[in-house]
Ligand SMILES: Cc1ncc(COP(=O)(O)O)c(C=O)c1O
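Just the one chain here, laid out as structure tokens, in the form predicted alone.
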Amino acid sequence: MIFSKVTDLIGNTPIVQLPLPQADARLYLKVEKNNPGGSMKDRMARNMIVAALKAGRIHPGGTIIESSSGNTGIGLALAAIEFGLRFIAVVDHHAAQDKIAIMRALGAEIRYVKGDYGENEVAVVERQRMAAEIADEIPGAIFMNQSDNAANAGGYADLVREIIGQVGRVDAWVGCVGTGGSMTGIAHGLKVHNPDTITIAVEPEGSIVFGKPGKPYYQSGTGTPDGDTVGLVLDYSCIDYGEQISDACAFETARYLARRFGLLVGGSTGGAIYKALDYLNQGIISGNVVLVIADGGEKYLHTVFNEEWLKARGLISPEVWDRLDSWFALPASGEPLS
């Protein structure tokens, strides 16, 4: 097929199946990093802009502002080009530098929050305050506010349809939870097709989504940090299990997938896959288990895939690799994956 604009490339992403020892289970990963902006957030970012245009909240030539750790910002930058909009991204030091570079390359204006934050502290509250302030200062500008924007969750309807078309019955869905848009939109959609679908939401240790004590964490683009409030877009009623994952488990799983399967995935995706395998090993879930590769590891080469960076922060854990070896059905040494 030949397309007329890059946003036409959003969606219709492939699925890869990883080998499991359980005869009654299949692990499917939908490769959302194949979207043009490199993440699943392309879907909801464009949907938020389309909804704002339809509602008359923004007009061609107008300005949109968003607080982002990177992936939503990249998606908004792509859609801003399509609709002739100016885009200002408010970021903090926690965002991967490669993501910021991509936004800037796509024409986004980057504004950094000020403040003395640790490298594992996410300045979401200050980002959102600054984004709203900038929107108030620019005539006709709007703060997209993904955490409370209903069009966030609505942006994943096509993804649900694609999963059903590719896999059929979905027995379990495991996803990361941050603003809650993807978890809410996908979980609700899948339960419409199969009310018995088990949904598992994964946040970093230190995130406050499920009421655990807050503390700093390194995982990017997921969770809700201490001091922030959980977004209005998150619907807890569609979540069956809420789980936390340590930075070490998440990042080591991402590194493992690169070495064992040639899959470069982001750290939060590593955490979701680890929890899916844990639940499979415990027998809590079975059948068709689906996740998304929310974004690619290419954006984290200087952190998650940098062994010196991990060692300096105490995030190396060989035990995770041993556990994953026992949870996958790996071929004997020298034999190809089938």
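In this text, residue numbers run from 1 along the sequence as written. As the structure is a prediction and not an experimental result, all values here were calculated from the model.
The same protein has a further form, the form predicted together with the ligand, not shown here; the description that follows concerns it.
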| Even though the ligand is not shown here, does Gly155 get within 4.5 Å of it in the predicted complex, heavy atoms only? | no
| message | How about Ser69 - does it come within 4.5 Å of the ligand in the predicted complex, if we only consider non-hydrogen atoms? | response | yes
| in the predicted complex, Val177 touching the ligand (heavy atom, 4.5 Å) | yes
| field | Contact flag, Gly189 vs the ligand in the predicted complex, heavy atom cut 4.5 Å | value | no
| Candidate spot Ser220, Ser268 and Asp295, all three touching the ligand in the predicted complex (heavy atom, 4.5 Å) | yes
| task | Using a 4.5 Å heavy atom cut-off, indicate which stretch of 100-108, 169-177, 135-143, 74-82 touches the ligand in the predicted complex. | result | 169-177
| Position in contact with the ligand when the complex is considered in the predicted complex, options Ile273, Met40, Val304, Met48, heavy atoms within 4.5 Å | Met40
